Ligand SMILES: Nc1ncnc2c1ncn2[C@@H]1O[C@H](COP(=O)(O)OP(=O)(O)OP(=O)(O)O)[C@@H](O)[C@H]1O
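So this first bit is one chain, no partners, the form predicted on its own, shown in C-alpha cells.
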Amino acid sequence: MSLLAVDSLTRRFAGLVAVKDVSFSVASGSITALIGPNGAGKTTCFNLIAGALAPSSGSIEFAGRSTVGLPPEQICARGVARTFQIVRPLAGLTVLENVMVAALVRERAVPAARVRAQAVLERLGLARKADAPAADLTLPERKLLEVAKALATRPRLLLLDEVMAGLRPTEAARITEVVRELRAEGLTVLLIEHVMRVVMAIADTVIVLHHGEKIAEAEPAAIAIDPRVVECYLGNLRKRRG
C-alpha cells in the first residue's frame, strides 16, 4: 500500500520548470531513493512534499489525503518529517533542547518532550552530547542531530536530504544502519542521496530525475544498468571519481 502518492507534480519558477509532471508512489514500510544530477529537481520535490513550496500543478497525497496547500507544520503533524541538506541547528540551544523543540510537535508538555528527546538521542548515539551546545557538534554529529529532530516528531514518513554528504565511510555506515533499523520498525523512508553504495545497499526502489523529469524508476540493480541513467548520471559520477 502506498503511503505517499505524487501525481503529475510540476513546479515553475517564472520561466524555469524545476519539476515537470513527476509521478511516483512510496510504499508503506519501504526505503525509496530519489537520485539524479545536481539541479535535477530532487530537493524541490522534497520542498513540495513537505509543504515548503506549493506545486504549480499536480497532486500530493499522504495516507490517502491531499496535502496540497497545507503549511509545513500541518504536514509534519500528519506524520511527514524531513531533514535539510544544509544543517543549521539552533546554535543557542543544547543538543537536547534542539530535539525537544521538535518533539513538541507531538508532545503537549515540556517534560514529555524532554523524555522523547532523550530517548531519540540515546537511539542515535548522541546522548553523551545532550547538554553540549549544538554549535559545538562535528559535521557527522550535526547530521545525526538533523535525523534526531525529525524522529522526535514521531513521523510515519521520513524525508532524508543527503544526510551522507561529507561523511567518511564509517560515519555514513552508522547512519545507514540507523535507517535500516528504522525501516525494520515500520518507518517509511524517502531519501535523496549521491552516495551510490548507500543507495544500492538500502533502497527498495530508486527514482531518477533529470532536468526536473522522471526518467527511470526500478529496483537498484536495474537502475545501475539503465542506459539513460548511466548516460545522464552514473557515468558522470564515475568520471568525477576518476
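The shown structure was predicted, so the numbers you read here are calculated from the model rather than taken from an experiment. Numbering starts at 1 and follows the sequence shown.
Here the subject shifts to the form predicted in complex with the ligand, a form of this protein not shown in this document.
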Answer range among 200 to 208, 65 to 73, 176 to 184, 40 to 48 for contact with the ligand, defined in the model of the complex as heavy atoms within 4.5 Å = 40 to 48
key: the ligand: the contacting residue among 107, 97, 171, 162 in the model of the complex [heavy atom, 4.5 Å]   = 162
ask   = Hey, in the model of the complex, is residue 230 touching the ligand, heavy atoms inside 4.5 Å?
value = no
query = Any of the heavy atoms of residue 18 lying within 4.5 Å of the ligand in the model of the complex?
reply = yes
Distance check, residue 138 to the ligand in the model of the complex, heavy atom within 4.5 Å = no
remark   = Restricting to 192 to 207, the residues within 4.5 Å of the ligand in the model of the complex through any heavy atom are 194
